[in-house]
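The chain below stands alone and is given in C-alpha cells; this is the form predicted on its own.
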Amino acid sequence: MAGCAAIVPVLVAAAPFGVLMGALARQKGLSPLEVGLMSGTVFAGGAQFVAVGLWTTPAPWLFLALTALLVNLRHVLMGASIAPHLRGVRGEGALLFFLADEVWALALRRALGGRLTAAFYLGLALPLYLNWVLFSLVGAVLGDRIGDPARFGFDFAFAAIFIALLAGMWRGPADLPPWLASAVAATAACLLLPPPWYILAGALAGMAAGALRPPPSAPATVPP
C-alpha cells in the first residue's frame, strides 16, 4: 500500500504520455494489439517513443533494436544501484523487468531511508506497468483524435517529478558535482548530437564525476 501511494503522482503524469505513445504508434500503422504487446514486453516509454518515431514500413529492425539499446543503457547503471537492495529476494531478476526510471528513483529513495522490500517495490512497479499498458492501448484505440498533451503542460510532468525526487535525495553539497556534470553533458549532447545520445552522455558524465569524488572522511574518534 505504501508503494502504491508513492507511485500515484507518477501514474497521473504517465497517463497522457501513454495515450500519446499509443496514438503515434497507431498512426504509424500498428494495431492496438501490437501497441499493447509493445508496451507489455518493452515497458520503456523513452525507447518506445524513439522506436515509433523511427518506424517505417518495412520496419528497420536492426536499427530500431540498436537505438532502443542505446536509450536503455542507463538501466545498466540503475540496475547496478538497486540490485544490492533486492539481494536475497526471491525472483530478483523478474522484479528488475519492471524497473523504470520512476520506480528506480522511488525505490532507491526508500532504500536509502530504510529497508526496501519486494512488496514496496511491486507496489511501485505493478501499478505503473498496468497504467502504461492500459493508456497506450487507449491511445491506440482513439488514434487521430488525440491532441498534443503539451498544450496542457503535460510535457513537463516527468521533468517536474524528477526535480522533486532529486530534491528529496539531496544529501548535501557533495552531491552537486555529479548532478552538474550530468546536466552539462546532457545539455551539450542535446545541442550537438541527435537524440538519444544526450541520455547516455548525461549518465556517463554523472557516473564519472561520482567515481572521481573523494570518499567521505571517517568520523574522528574520541579516545576513552
Partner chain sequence: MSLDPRTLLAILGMALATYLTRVAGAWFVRRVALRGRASGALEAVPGAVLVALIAPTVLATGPAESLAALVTLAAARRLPLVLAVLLGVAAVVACRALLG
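Computed from a prediction, not measured in an experiment: that's the story for all the values here. Positions refer to the first chain, counted from 1.
Not on display, but discussed next: the form predicted in complex with its partner chain.
Out of the listed residues Leu73, Ala119, Leu130, Leu142, Leu73 is the one that sits within 4.5 Å of its partner chain in the predicted complex by at least one heavy atom. No residue of the trio Met1, Leu11 and Arg115 has any heavy atom within 4.5 Å of its partner chain in the predicted complex.
When its partner chain is considered in the predicted complex, Pro58 lines it closely, a heavy atom lying within 4.5 Å. Heavy atoms of Ala100 reach within 4.5 Å of its partner chain in the predicted complex, making it an interface residue.
None of the heavy atoms of Gln27 is located within 4.5 Å of its partner chain in the predicted complex. Not displayed here, its partner chain is approached by Ala203 to within 4.5 Å at the level of heavy atoms in the predicted complex.
Heavy atoms closer than or equal to 4.5 Å to its partner chain in the predicted complex belong, across 175-191, to the residues Pro178, Trp179, Ser182, Ala183, Ala186, Thr187, Cys190, Leu191, ordered by sequence position.
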